[in-house]
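A single chain, nothing else alongside it, follows as C-alpha cells in the form predicted alone.
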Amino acid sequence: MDGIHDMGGMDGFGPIPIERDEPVFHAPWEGRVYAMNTAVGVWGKWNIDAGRYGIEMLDPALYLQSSYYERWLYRNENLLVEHGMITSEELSNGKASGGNRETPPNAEEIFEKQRKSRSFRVDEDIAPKFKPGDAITVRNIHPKTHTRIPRYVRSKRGVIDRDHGVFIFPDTHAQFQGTKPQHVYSVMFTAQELWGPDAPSQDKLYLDLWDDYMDPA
C-alpha cells in the first residue's frame, strides 16, 4: 500500500542519529513491548506479513509521531481487538472482563516456538520466471493492501543479479489468502536509473523482489 511508512527515497526527515554503545532498549517499557509481541505472536492468530500490514495501517500522523516500539504497541493493540483476543473496553480500562477464552501459551511454549527455525523459504519445485543477467522492468502497481515493493523502484529497469530461491509471497500472506510461493531475486539498479542523471554514475542498489513484481524489459 502507498502509506507514510514507505519512506525510501524521501527527503526532509533529518539525519539518522548514531549512538555509540547504543543499548538494546532505551527504556524498560520497550523490552516489555518486545516480550509481549513475541508472546502474542506465538498464539498464531496472524503472521509476520499481517503484522507488518498492521503497522502500515496506523494513522499517518500517529505513525510519524511514534517511536519504533510505540508502533509495535499500537499495532498489537489493534490486532488483539481485531482477532477477538481482547475487547476495546478492556483495552481502555485495563481490566479483563472474564468469560470463556482460549488459553494463552505458557512461557515454555513461547520459548520452544522461538527456538525453532522460522524461515519463509518454501521447499517446492517452482520454475523461475527470470535468470541472472535478465533485464527487467518493475511493475507500476499500487495495491491497497500490503506489498514489499517500494514506490521509488516502480516502473524502473534493473538486471537480475541472483536467484535466492522460492519464498512465501507477502502480498497474499498478509491477507491470509495463501502463500503463493515464487522466486525472489536480488535485482541491481543503477543510482541514475532510480534518482536521475545527477546521481553518482558508479553507484548501484540491490533490491530483493518477487516474481510477481516484475516483467521482462
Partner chain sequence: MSDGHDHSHLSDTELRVRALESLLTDKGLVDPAALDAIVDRYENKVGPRNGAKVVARAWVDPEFKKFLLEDGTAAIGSLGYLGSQGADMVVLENTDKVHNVTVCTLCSCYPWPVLGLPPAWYKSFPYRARLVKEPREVLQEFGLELDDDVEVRVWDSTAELRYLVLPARPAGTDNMSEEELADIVTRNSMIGTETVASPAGGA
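Numbering follows the first chain given and starts at 1. Everything quoted here is computed from the prediction, not taken from an experiment. Here the rigid core means the biggest group of C-alpha atoms that line up within 1.5 Å when the two forms are laid on top of each other.
One more form of this protein, predicted together with its partner chain, exists but is not displayed; see below.
- Contact check for residue 128: every heavy atom lies farther than 4.5 Å from its partner chain in the predicted bound form.
- Under a 4.5 angstroms non-hydrogen atom cutoff, its partner chain in the predicted bound form lacks residue 180 among its neighbouring residues.
- With a 4.5 Å cutoff on heavy atoms, residue 104 counts as touching its partner chain in the predicted bound form.
- For the chain shown alone, residue 197 is not a contact residue for its partner chain in the predicted bound form, no non-hydrogen atom being within 4.5 angstroms.
- For the stretch 191 to 212, the set of residues having any non-hydrogen atom within 4.5 angstroms of its partner chain in the predicted bound form comprises 195, 200, 202, 203, 204, 205, 206, 207, 208, 210, in sequence order.
- In a rigid-core overlay of the protein, residue 110 has its C-alpha displaced by at least 2 Å between this form and the one not shown.
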